[in-house]
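Below, in structure tokens: the form predicted on its own, a single chain.
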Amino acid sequence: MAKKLDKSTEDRIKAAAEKIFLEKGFSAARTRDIAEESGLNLALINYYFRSKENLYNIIMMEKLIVFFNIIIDVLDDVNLTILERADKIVNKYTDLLLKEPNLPFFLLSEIQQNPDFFASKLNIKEKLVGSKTIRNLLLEENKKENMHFLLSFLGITLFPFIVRNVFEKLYDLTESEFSQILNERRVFIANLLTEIYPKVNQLTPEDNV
């Protein structure tokens, strides 16, 4: 019973910290804010996580792993073509960011302010280089076209979430209406990539193993 209570309390603190960090970032967030959000006292938070920095590192690591593992895991699915993988990644990122709309701002801001944490803790470079798909995309003769494909894909997938508030005000849209547009982009992105990058579309799963 005690272990269950401990795990429940820990999860409660982490959920509150995630909400506060996503809204305010590390610098502006206070441990007191996390305590108020969780309904627990400061002493209990310090007992479980020792410091705001330690709690932040845990949350940041979990978010980075989720965010980047999506693209790494899907790209290494050798049963799919490149564009089929791109379509799957679009759907997974759309689902994730509709659920957590503040996540892109949080990651971009915190990675820019603390690039060493990103580079050393997550080992993203090693993971990307270890991906057979990415390694082959980098080594193929049309490397520049593949690079443009990856940059274009990430841009058209993620940027709409970053400028969401601007577009909602510009076009007088509700959150629900813009969410519908983001859902419609799942098909739009797949069709657009097929038209713009026919060479990539011709690659078969076997070409990318």
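Remember, it's a predicted structure, so these values are computed and weren't measured experimentally. One-based numbering along the sequence shown.
Omitted here: the form predicted together with the DNA. The next part is about that form.
Undergrad: Please identify the residue among 42, 61, 166, 147 with any heavy atom within 4.5 Å of the DNA in the model of the complex.
TA: Answer to the contact question: 42.
Undergrad: Tell me, which of 51, 180, 69, 174 has a heavy atom within 4.5 angstroms of the DNA in the model of the complex?
TA: After the contact test, the surviving option is 51.
Undergrad: If we take heavy atoms and a 4.5 Å cut-off, which stretch out of 158-166, 180-188, 43-51, 61-69 is in contact with the DNA in the model of the complex?
TA: Within 4.5 Å of the partner lies stretch 43-51.
Undergrad: Applying a 4.5 Å heavy atom distance criterion, does residue 31 contact the DNA in the model of the complex?
TA: Heavy-atom contact with the DNA at 4.5 Å: present for residue 31.
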